[in-house]
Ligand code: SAM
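Below, in structure tokens: the form predicted on its own, a single chain.
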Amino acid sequence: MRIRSFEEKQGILYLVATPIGNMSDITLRAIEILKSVDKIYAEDTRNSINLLKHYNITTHLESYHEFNQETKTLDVVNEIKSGLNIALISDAGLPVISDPGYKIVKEARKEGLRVSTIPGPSAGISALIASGIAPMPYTFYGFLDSKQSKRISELNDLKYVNHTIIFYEAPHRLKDTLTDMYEVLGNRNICIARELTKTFEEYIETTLSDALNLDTLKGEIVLILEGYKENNDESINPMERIDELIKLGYKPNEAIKETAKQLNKDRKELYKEYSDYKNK
């Protein structure tokens, strides 16, 4: 299905980026769209009303958040089908990314409705480019699970990702998350970015081990974590590495292939070694 965003037909859903800290970090086009649409849906109307008042935007505002999205999604889609132009915003940055909105986009696409992005600030990308850690390739992960057992399982799945990973984290969980990262992933470089574009913006370039000694941090936090790097340590046992990957869910052939890649070994020779090892 191909949909041209600016062909005149039914209504349209605009995904509008809002400031992540500094109120001035909004595009002229975003202001124009928010003034022109029929309705704005916001994650938290109490926060969004301040932005709208600041830019003299009087468009009708309603809430759309994780607690009402199951009932409201089809209402919003039906409004677009009826010809209304709708804007969706989150508290800060881009909607859909670690914020409500995916369900609306998915349903709108299924119905062949127009969806268009009004780009702007993104906390994850903003932190990445200023972190000093390799910007490409990268994986945006967002929030790890709040439960430690699930968080550790997620980190184990990410253990051998060999490129930069972007996480979001709440300040009250930061210490626990950094501790789990250190215990599961080992010591790595990390940049902790907080309060981006605000008065107290700060970047802390450190290692996971040193980060455990930091004082309590407040505000919105982004973690830019260095990817896995093979240190070519001869003490690494390839057989144990293969078994570890299998425990993480790899099929034996996939685990052998990945281990050969990580340790710069011949895959066929490693397969034979592993077969001999298992048959002992």
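As the structure is a prediction and not an experimental result, all values here were calculated from the model. Residue indices: 1-based, along the sequence shown.
In what follows, reference is made to the form predicted in complex with this ligand, a form of this protein that is not presented.
- The stretch among 147 to 155, 97 to 105, 80 to 88, 180 to 188 whose residues place heavy atoms within 4.5 Å of this ligand in the model of the complex is 97 to 105.
- Among residues of the shown chain, I20 is one whose heavy atoms approach this ligand to within 4.5 Å in the model of the complex.
- Mapping the unseen interface onto this chain, S122 counts among the residues with a heavy atom inside 4.5 Å of this ligand in the model of the complex.
- In the model of the complex, none of the heavy atoms of D243 sits within 4.5 Å of a heavy atom of this ligand.
- Within 4.5 Å of any heavy atom of this ligand in the model of the complex lies no heavy atom of R109.
- Proximity to this ligand in the model of the complex, defined as a heavy atom within 4.5 Å, holds among L128, A92, I165, V76 only for A92.
- Applying a 4.5 Å heavy atom cutoff to this ligand in the model of the complex picks out F143 as the lone residue from 141 to 155.
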